[in-house]
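Just one chain follows, in the form predicted on its own, and it is written as structure tokens.
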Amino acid sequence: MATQKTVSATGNAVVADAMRQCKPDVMAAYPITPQTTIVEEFAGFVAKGRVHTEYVTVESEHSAMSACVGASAAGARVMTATSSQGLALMWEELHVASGMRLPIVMANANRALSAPINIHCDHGDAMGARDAGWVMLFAETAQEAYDNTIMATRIAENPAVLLPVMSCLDGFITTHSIDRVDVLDDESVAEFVGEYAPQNALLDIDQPVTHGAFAGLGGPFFEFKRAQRDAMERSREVISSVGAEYSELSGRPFGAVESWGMEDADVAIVVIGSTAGNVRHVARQLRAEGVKAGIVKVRVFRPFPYAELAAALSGVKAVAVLDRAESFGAEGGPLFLEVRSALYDAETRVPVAGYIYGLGGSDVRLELIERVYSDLSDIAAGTAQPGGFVYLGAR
């Protein structure tokens, strides 16, 4: 294991430190709450000479991702950060980055999308970009946000992948709360991520390449999209191997899905992000009362871990899925749709209940989680059926 130092810091602070340790050549960024302190901290590292990065101040998030695309295509290791409306403004460039197979790493501080104006946490921003071709990691804690940032660099730059990676952490809950974090020494991180060796750099004059060419009617556009799909599928094995190597380095486990109490669980909740802590707390209390409650946390959302999730939920009698995002017109939130799809081919069809919760930073009170487990117990006992989805805690 590497040498580590325990610090008391916010999620944003340790994400910025992880970026510094990964030594990007270029960072182009624009401030937006609650992401701003990531790029502020990083700009401070640049100003103090603690990292030799070209920090590009731009006029918008669209420009930020455009600059990142250009720098990455030129052969640089590139990082950035954004949130909410900023991510939405990058929409065009998100697809350009993935379509050009550029291994950009971006932190996204999850925040609600307007309107009405709201600066607090939900996952609507990231879920709006879930089909943009980016690998997507989610953190429960500041520790996971730090770890995910470092692993994201290795995953993105792997020659079998070469896709951008979005590392998400919950706005204000994880970004701004002080947490206990074990930080690796700089040398260990540098050795882990290695030196970036671009394969198709525009500035490599000995091996000239074309980026962003026209692929219209009769062109290879269809095949390009298939290549992206293949790269995303290959990333599954890369994520697993990088996670295993990082676990050995740090002593902290990593899985695309991580579970608690699932060895003999009758009822289980599937969740993403910081709310996993609330759910785990309630599950422990219920276990003490004799209820076989479990929790499955999804840490990798793209590529979605269908097989791992189905295996984790095998044997349960009822499942609830908590979505901190809407999918208007669908039968539930984005995570609910993915989980139900993952369980579709199971030998025994498990009832799956969907809940929308915490939009715009609405409080996730423990009694709300208790209500979900109570509903699941009724479904498992056959005295109730999941019907539609529930707006949990809404007035």
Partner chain sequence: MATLKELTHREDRLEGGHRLCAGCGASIAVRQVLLGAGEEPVVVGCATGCLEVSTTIYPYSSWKTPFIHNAFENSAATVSGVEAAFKGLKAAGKIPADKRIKFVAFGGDGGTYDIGLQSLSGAMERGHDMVYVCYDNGAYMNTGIQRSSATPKGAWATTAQIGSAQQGKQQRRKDLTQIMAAHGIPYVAQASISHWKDLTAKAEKAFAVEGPAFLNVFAPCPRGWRIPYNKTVEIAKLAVQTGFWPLYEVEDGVFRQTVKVHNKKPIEEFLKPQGRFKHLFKPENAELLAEIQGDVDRAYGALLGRCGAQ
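Please read these numbers as outputs of a predicted model, since none were measured by experiment. Numbering follows the first chain given and starts at 1.
Heads up, the form predicted in complex with its partner chain isn't pictured, but that's what we're talking about next.
Partner contact region in the predicted bound form: 216-224, out of 176-184, 216-224, 259-267, 79-87, criterion any non-hydrogen atom within 4.5 Å of its partner chain. For residue 211, a non-hydrogen atom is located within 4.5 Å of its partner chain in the predicted bound form, even though that partner is not displayed.
When its partner chain is considered in the predicted bound form, residue 245 lies well away from it, no heavy atom lying within 4.5 Å.
Residue contact check for residue 60: one or more of its heavy atoms lie within 4.5 Å of its partner chain in the predicted bound form. Residue contact with its partner chain in the predicted bound form: residue 66 places a heavy atom within 4.5 Å of it. Heavy atoms of no residue among 16, 41 and 193 are located within 4.5 Å of its partner chain in the predicted bound form.
Think of it this way: in the predicted bound form, its partner chain has a heavy atom of just one of 96, 232, 313, 286 within 4.5 Å, and the residue is 96. For the options 74, 119, 307, 160, the one in contact with its partner chain in the predicted bound form, meaning a heavy atom within 4.5 Å, is 74.
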